[in-house]
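In structure tokens, the next block holds one chain alone, the form predicted alone.
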Amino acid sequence: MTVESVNPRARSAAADALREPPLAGGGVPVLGHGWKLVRDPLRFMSRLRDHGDVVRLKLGPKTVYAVTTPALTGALALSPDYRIAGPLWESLEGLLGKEGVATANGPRHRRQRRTIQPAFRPDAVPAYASVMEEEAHALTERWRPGQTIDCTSESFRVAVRIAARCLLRGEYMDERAERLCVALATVFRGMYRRMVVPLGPLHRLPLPPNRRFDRALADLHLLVDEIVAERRASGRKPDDLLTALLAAEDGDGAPVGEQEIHDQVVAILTPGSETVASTIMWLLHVLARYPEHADKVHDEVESVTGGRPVAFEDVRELTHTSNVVVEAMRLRPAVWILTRRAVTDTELGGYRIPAGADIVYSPYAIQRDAKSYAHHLDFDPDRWLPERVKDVPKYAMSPFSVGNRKCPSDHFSMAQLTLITAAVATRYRFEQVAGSDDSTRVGITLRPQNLLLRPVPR
């Protein structure tokens, strides 16, 4: 995708010959399009394709380029002309730091991937089977017929416990999961506001929202420090990801620094738990809203297990259940917005992208686009059957991204999501109760505002 040339002068001339992307309408003074991204971001991003394959946006004083087609988002993710950076990652630095795998680029990122990748290889995931099974069934056993389930706290609890027990070999129980849940809700919302309205020093004023954000962020980092300190004090070295991080070396063969270890654990416990928990919430919503698909999941599980509790080894045979998970992620992706930064003068779709420019795209908009999907807003798990999936354009569904930034935990996440869906649908039907709010809460991730369900035994 790079503008190629034999010399810099010719390269510059070629870049100048490219078109300037059109400017999206609806901007306002000072805030630009940031106002619409605060008020109704999903609607705004979903309509950008009507203005072009690449569109210019103004976020405060910054010009940002929005990419709106599956093919160009794939090119963006795979091209070396772009790196992890931009408004999203700048807003996340307060949480993720600058030294973890989520925000690193180049040699540091490749080294860190080599450290963590063994824990997520497909052949490594079965080692986590017993923990996933225990936690999935414990979730259903904790519920009682007629009680009201707070899906936010329950989803975070199971997501944190699975991550902690599998990857950190820690018994980080409900109290820490609850702390994580409460803090992340505040932090991710504040980070989103900082991304779309980058007002710099104004976010540091001692206003109530800023103070809440700062307290929540401090608690998240304290939680991670507790986890690392407990492991060091114990002297234990189990075969897990935390042991690998504590033993990792930098490019010169020296132990990695404390900050890098901290940032890596943050990346395991916080964005990972946030995205998995958000997806579990949407899956519970799906089971309540589409009882016909919940019944199909139940029947499929029963046919595979013969009535015994569903197990990890059953997951590969649960094709409809897996398709329900994928379709839920299509319509309600936890990560709905991503950014990159151009490292050189380049082009996308015939448009000029200058070096240093920030590029934004929305998996939510891409995955709901009527140009890519028939009946694009229908919940239809069967669209992922082999005979139909070929009709989905390439890169129109990439829930774990692609290329060297693909989420390393994709197999791990799909296994636990499928197993949890199977376990809860086999035991219960679900009804929304008074006070439940299933509208979409938009932050860095998407989740229901306040989903409250009543489990009804089958």
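Because the structure is predicted, anything quoted here is derived from the model rather than measured. The first residue of the shown sequence is 1; numbering continues from there.
Missing here is the form predicted in complex with protoporphyrin IX containing FE (HEM); even so, the following discussion is about that form.
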- Message: How about S409 - does it come within 4.5 Å of protoporphyrin IX containing FE (HEM) in the predicted complex, if we only consider non-hydrogen atoms?
- Response: yes
- Message: Since only the chain is shown here, I'm wondering whether R113 would be in contact with protoporphyrin IX containing FE (HEM) in the predicted complex (any heavy atom pair within 4.5 Å).
- Response: yes
- Considering only heavy atoms, tell me if L417 and protoporphyrin IX containing FE (HEM) come within 4.5 Å of each other in the predicted complex. yes
- Query: Is there a heavy atom of S413 no more than 4.5 Å from a heavy atom of protoporphyrin IX containing FE (HEM) in the predicted complex?
  - Reply: yes
- Note on the structure: Testing 48-56, 62-70, 422-430, 398-406 against protoporphyrin IX containing FE (HEM) in the predicted complex with a 4.5 Å heavy atom criterion leaves exactly one stretch, namely 398-406
- At 4.5 angstroms, heavy atoms only, are I84, I268 and M329 all close to protoporphyrin IX containing FE (HEM) in the predicted complex? yes
- Looking at T279, T346, S362, T321, which is the one with a non-hydrogen atom within 4.5 Å of protoporphyrin IX containing FE (HEM) in the predicted complex? T279
- Between the options F120, W143, F312, Y373, which residue brings a heavy atom to within 4.5 Å of protoporphyrin IX containing FE (HEM) in the predicted complex? F120
